[in-house]
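Just the one chain here, the form predicted alone, laid out as structure tokens.
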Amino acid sequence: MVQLSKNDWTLFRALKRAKRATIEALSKDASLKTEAVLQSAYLLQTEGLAEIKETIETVYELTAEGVTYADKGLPERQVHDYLLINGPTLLTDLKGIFPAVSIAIGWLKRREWAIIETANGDSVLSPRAADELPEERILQDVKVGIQFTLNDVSVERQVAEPTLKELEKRNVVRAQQIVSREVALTQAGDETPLRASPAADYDIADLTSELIRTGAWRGRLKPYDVSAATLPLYPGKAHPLRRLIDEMREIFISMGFTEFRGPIVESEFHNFDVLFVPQDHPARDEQDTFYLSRPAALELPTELVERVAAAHKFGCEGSVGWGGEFDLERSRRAVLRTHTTGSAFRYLVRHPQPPTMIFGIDRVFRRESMDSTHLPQFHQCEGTIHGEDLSLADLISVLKAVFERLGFDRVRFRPGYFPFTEPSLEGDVFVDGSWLELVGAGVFRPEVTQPLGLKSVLGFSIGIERIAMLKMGLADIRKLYMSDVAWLRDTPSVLR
């Protein structure tokens, strides 16, 4: 006679009645929790009395972006329809009409639905023929707020599968795998009689000190099967991006860096002028930077402003500066910081004696069109080193150590350009067969350091979200900021 616990016999009776049923149906019939049903079902399968069949099905659901596209059409279709009606149109005009025009342009070129020509220095889009897409048919088939499968769309399966994967990459749909289990009675189970008495072979539910001391538990405690499947558990844990930030913070602190913080609302002076960015630089245009109406102006340190203004107008150590006039009113304008470098120099001005190694990880803001690789708000890791006669070799050695601790074995550095560093470099890591840029760095120019009373200063900036995408295997950066409970549960606590 097979030895079973009370729960096992209860489930066995329910299975005798049903012959075949899902875990949820057996849980209701046997008045047991699904966890208990699953545990007993695997025990019955081990004893040859039952068989568990698992079915994994992928279900899809529209994201908020997908809901918009289902209603108004894909961005490339919206722009293409506009071009068909209005004819060739300036790219600058389209930007004022379609918020997602940058996404649309990429797909228009990829699908060859439009060509871009230059006329009088401006880019002009002209439409070409465009057939209906399988993506559009899928969006027409599905309903908002309702999950669907491949069987629910009118597109052929061999076309629907890659199309849905593409839509998932574009953050139009989200996919989730649903595991369903069905328990069926085997021939041996059908032939095994039920006990007349409800008493169980293994009748101990709770192990007590008395049972252990007397040994009365022997033969009455069901063996524990560590290989049996259980329902998944989702303990509380920090957000994956927060865990990465904490990991990077620990790396820099362990290397002897001191953490700094700075204001989110900065003056143009600290955000641009201090870094020797000319006042007519394109990055300072309102198309690239968020400007604030309140406060309308910020107070600045007079003596420091005068030294920085002189560097802009006349340069230093043989340079000629940018020339022209220095607009103090422009320097006072308030912006959402586009980097944390200004905050680093605030710290160095207060602590001017070298050696100093500081880092900061915080949010920065830029006027970016949101897509799979760009966000208007993201995290930046800023590192700054102040010392005597520092060189690019010192900077490279620090960056190699940082990336090695982050788990990137292959790193390369190549020349780069930034207005405030010379020489400058960019650092790439080798991941999945290709090189990806992760860091911009360099030696700050004398026009930056001398007005602040500093000596040799090295600096680097690392995009946190880019590292997160690599470590978490993400194709869409927006995934980091979505309320996707399934993804948050499945992302491991320790990032690779």
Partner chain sequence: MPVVTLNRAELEEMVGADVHTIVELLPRLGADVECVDDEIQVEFFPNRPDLFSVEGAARAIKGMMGLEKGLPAYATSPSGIEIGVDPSVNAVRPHVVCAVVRGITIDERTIKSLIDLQEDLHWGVGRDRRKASIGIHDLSRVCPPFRYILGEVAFIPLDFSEPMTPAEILRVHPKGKEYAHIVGDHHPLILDANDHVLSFPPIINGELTRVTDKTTDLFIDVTGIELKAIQDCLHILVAALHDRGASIETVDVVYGGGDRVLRTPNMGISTLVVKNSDVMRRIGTEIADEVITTSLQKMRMDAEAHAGEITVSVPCYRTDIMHPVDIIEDIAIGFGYENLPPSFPKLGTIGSKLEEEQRSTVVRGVLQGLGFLEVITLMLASDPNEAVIIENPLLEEHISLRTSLLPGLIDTLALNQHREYPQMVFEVGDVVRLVAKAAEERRLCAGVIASSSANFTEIKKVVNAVLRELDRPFEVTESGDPSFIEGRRATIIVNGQAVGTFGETDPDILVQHKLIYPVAAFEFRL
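Positions refer to the first chain, counted from 1. Just so you know, these numbers come straight off a predicted model, no measurement behind them.
We do not show the form predicted together with its partner chain, though everything after this point is about it.
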query: One stretch from 260-268, 100-108, 125-133, 169-177 that, in the model of the complex, holds residues within 4.5 Å of its partner chain by heavy atom; finding: 260-268
query: Partner-contacting position among Arg410, Lys72, Arg363, His351 - heavy atom within 4.5 Å of its partner chain in the model of the complex; finding: Arg363
query: Contact residue in the model of the complex, chosen from Asp93, Glu426, Asp327, Glu182 - any heavy atom within 4.5 Å of its partner chain; finding: Glu426
query: is_contact(Gly463, its partner chain) in the model of the complex, heavy atom dist at most 4.5 Å; finding: no
query: Ile385: touches its partner chain in the model of the complex, heavy atom cutoff 4.5 angstroms; finding: yes
query: Distance check, Phe444 to its partner chain in the model of the complex, heavy atom within 4.5 Å; finding: yes
query: is_contact(Pro162, its partner chain) in the model of the complex, heavy atom dist at most 4.5 Å; finding: no
query: Within 4.5 Å of its partner chain in the model of the complex: residues from 368-405 (heavy atom criterion); finding: Glu368, Ser369, Met370, Pro376, Gln377, Ile385, His386, Asp389, Leu390, Ser391, Leu392, Ala393, Asp394, Ile396, Ser397, Val398, Ala401
